[in-house]
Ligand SMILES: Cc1cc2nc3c(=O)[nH]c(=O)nc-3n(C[C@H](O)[C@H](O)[C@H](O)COP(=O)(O)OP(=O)(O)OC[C@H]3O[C@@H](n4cnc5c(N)ncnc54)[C@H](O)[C@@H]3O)c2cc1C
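Okay, so here's just one chain, in structure tokens, the form predicted alone.
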């Protein structure tokens, strides 16, 4: 596996923003992931794992050390067993590949997966989900187990954690750390819904009309506060169209910050802070971001 130097990270993020990684690799197998970790350890470099890039904001100054990008760490298998469709996927597998599996089987998870960008590992880390009242609507509902690779005291170990061993929260999971998620097992009862394809098409059409899916963004920026909607709070403060540089609160959906072409990470973060400050001033609600900042800030 090739370890590259000074690789721009913008193309690996959905925001199309970010500086350079000092070192960078694209593993395609668990052995490749181990190779990257060993290289970083031998060269005394910190490691940053990078998934689908859909909920991260990479600093304009870049990321020090080795970035292990899991974009090519992909593979998915399925089988029917005990009345369930059982799916096993490597962490870097795109959620769109998972969607295809459930859609082909005409199963309910296809509907919520159609609204989720990024990869399977990120789906577990963030307990990714949708605002609609679908069943299922969050990742934990389809997960059976998670396989975690750990490196400690100069040796690798792999732990398989059952769903019940992980603490699942709104847009977050913990209890599987330390380590990196490498494989996920998922399942759903084989109860076909012959309308699911039409439902997915309708949901995608609705999202396209309401969300700026034609522009670089990270999806929803802020978590919905208890009993409310972040987008409605932001819109009520007249913040649609608020812009710093090329980072703008979307005119189509107030919980999206879009890159109009040449936005910098600092522009996006300045917009985020302005939105938080304004919403708190007028509604007393402290909006929490779903965005993970990476690199030097």
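Numbering follows the first chain given and starts at 1. Treat the numbers as computed from the prediction; the structure is a model and nothing was measured.
The following text describes the form predicted in complex with this ligand, which does not appear among the structures shown.
Proximity of 17, 247 and 288 to this ligand in the predicted complex is absent: no residue of the three has a non-hydrogen atom within 4.5 angstroms. Of the candidate stretches 98-106, 111-119, 154-162, 74-82, only 111-119 has residues whose heavy atoms lie within 4.5 Å of this ligand in the predicted complex. Proximity of residue 125 to this ligand in the predicted complex: non-hydrogen atoms within 4.5 Å are present. Contact between residue 89 and this ligand in the predicted complex is not found at the 4.5 Å heavy atom cutoff.
Although the partner is absent from this view, residue 259 stays clear of this ligand in the predicted complex, with no non-hydrogen atom inside 4.5 angstroms. Not displayed here, this ligand is kept clear of residue 167 by more than 4.5 Å at the level of heavy atoms in the predicted complex. 49 is the sole member of 242, 39, 49, 269 with a non-hydrogen atom within 4.5 Å of this ligand in the predicted complex. If you take 42-78 and check each residue for a heavy atom within 4.5 Å of this ligand in the predicted complex, you get 49, 50, 51, 52, 53, 54, 55, 56, 70, in sequence order.
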